[in-house]
Every structure is written in structure tokens, then in C-alpha cells.
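The chain below stands alone, shown as C-alpha cells; this is the form predicted alone.
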């Protein structure tokens, strides 16, 4: 008999609403002796079936839920169906599967596979596990991906801190097939972009900003553009291709900037300069020199990885925006990105309003944007809508 996880009284509603995370505080008791990674049934205090998931005694998320239909095992056929659904969205609906494309194939809770991220970069896949139960099934999941997508190789990427949070020991390594070549590249909106799968941020590249980069580029023609936290070129490359008068990209990673320079060169973009520096310090130096820009893009890494880090993160976002408003000329464009899921769009807008008032500048929000469509938001798990992108205009 499958072990059962019994909820405390009045704690069932989120899971009846199909939220996939059952935190330890909601659990009353466990019937049976499930090992970490085993299938369990989640039941109400009254003993009614709610969902089936995978158990982990070492995680604050005690159970990750995958199926709300009673009697359906979480076997190979189940995960194959889930992955087929995810692939269908990207290939049949979004039509992203061109030969040199880069896109997210599976996005964890958004594709109802909590703890699994799969990205495609041309003929290679990267796979990332943020849940012990799925990490234990990596051979099976890799086999399904090979059968369905026929990649040349699958590279395993790990996220900082997951080992401690989930009790799973993983290392970045080739999971199957050929290692990715050093000159691996994709084509994104007409730009040829080199990708470092072994050492790059996240799973190699920030795929989620694809549509936002294109939207911002439309506003950059003839303007001086500052791309803060530019990583491997990002917004700055798009701006230069769109006819920006001058582009300055700033990032603290020398390795990322090597890729950025290569990306600029291969795309024939000459009016773009990259500076290896602490972004906060460099922006402050630009302010001291009286520099002005027509567009300032702020796309920092995640500042808040847990709730306790949010106040300090907000200080960081505030400081960045204070500097940006001092650098923007009249009628300038401010692009404010935040990938910290614990900070909402409303909180980002409120911060922006406070900074604008303090700076005595009028600011208009032109667009509220999120991640590209291959990073969908599951309505039952709002946390999947992590990325915020505000495009604003400084009126005076």
C-alpha cells in the first residue's frame, strides 16, 4: 500500500487548488515508511484523497505534488505524458523548434513537473533538478528526452544551494552523449549568440528575457544605451543591432564579458563597449562624471533567495534605480528587471514610484512584461511568474 501523508485540519485548500508544494508545517503525520523520493498520497484530515506526489523528509517542501487523479502511478508513462505536453507547447504552439534555437523545453511547476528544468540550445539539452525525487529519476527522464528529441548531448546543471535544501548531491557534468563544444551558439531574433553550457549562469543563458530584449530594442535607435548587468551581451547587443548610437555594457564577470565581446564581433556590432566592474560602483562613477543616457537597462541577478533576504534586496533595487534616474536624460527610457520571485510586480512599481518622487522626476510606465512564453505561468502556482520587466519613460 502506498504511504499516506495526512494534512493538519484546515490545511487542504491550497492543494485542492492544485498548488504543488506541501510544506512540512501543513503535515500532521505520515502513515507508512516512505523513503525520500518515494511516491505518497496526500490526504485530508478526514482521509479523502487529494493528490499524489513524491516525498522528501529532508526538505521544507515535504511533498511535491504531480497528479490529482486517484490511482495514477508516477511511473515512466506518467512522466513521458507530462514531457510530451511540455514539448508540444514549444513545438506545435509556439513553433520555437528551429535548428539553431534556444528555448526552455520544460519549466518545472509551470509544466506540472515540479523540480525539473530542461533547456534546448541547438542540438544540446541542459537539465536541472531542484527536487530530490526527480533527481533520483534522472536516468529515466534523460532517456525520455533522448527518445523524443534526439539531442547530441545532455548536460546536467546544478543550482546553488539545492543540495542543502533538498538533501541531494549533484554536480555539473555531462549526463549523456557528446560534451557541448566551446563554440556552441544559438540564433535569437536574428542574433548569433555563443553559449557556455558548462560555466554560464543558470543553464547557460537567460532565455527568459528573449521577448523583453526585442521590446526594448525597438526604443533604442539613435540613443546612447547603458546595459547594467549585461552578462554575455543581452539587451546591449539587441540595442546595437537596432541602431543605438552607442552602447555601454557593464558586468562583474570577466568570463561573461568575453562571450559578450565575441557575440558583438560575430554579429558585426562595433558601437558597443564592455566594462568589467562592480555595477553599483561603476554606475556611481558615471553619475560623478555627469554621464547621460537615453536608455538605461537594469537586469540584475536574483537578489533575494529567501524571505529573510527581501529587505536587503529592496535596498539594492532602490540604489540601482536612484543611480539610473540620475543617468537618464529627459525623455529617457528606464528598463527595470527583477527575477526575485519573492518581490512582486506591485512592490517593484511602488519602489519605482518612491525613487521617482525622491528624485523629483516624473515617470510613466509604458509596459509591464514578464518572461517569454516558453516560461509560462501556472495559474495554480503564481510563484512561477517570477520575472518582472517594467519599461518606463522619464518625462522630465
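What you are looking at is a predicted structure, and each value in this text was computed from that prediction instead of being measured. Positions refer to the first chain, counted from 1.
Note that the form predicted together with ligand SAH isn't included here; everything after this is about it.
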task: For the three residues 213, 277 and 280, verify that every one has a non-hydrogen atom within 4.5 Å of ligand SAH in the model of the complex; reply yes or no.
output: yes
- line: The listed residue (252, 198, 165, 287) that reaches within 4.5 Å of ligand SAH in the model of the complex by any heavy atom is 252
statement: ligand SAH in the model of the complex has a heavy atom of only one listed residue within 4.5 Å, and of 293, 317, 112, 231 that residue is 231
task: Answer yes if any heavy atom of residue 299 is within 4.5 Å of a heavy atom of ligand SAH in the model of the complex; otherwise answer no.
output: yes
message: Please determine whether residue 121 contacts ligand SAH in the model of the complex, using a 4.5 Å cut-off between heavy atoms.
response: no
query: How about residue 206: is it within 4.5 Å of ligand SAH in the model of the complex, going by heavy atoms?
result: yes
message: Looking at heavy atoms inside 4.5 Å, which stretch does ligand SAH contact in the model of the complex, given the options 223-231, 129-137, 157-165, 179-187?
response: 223-231
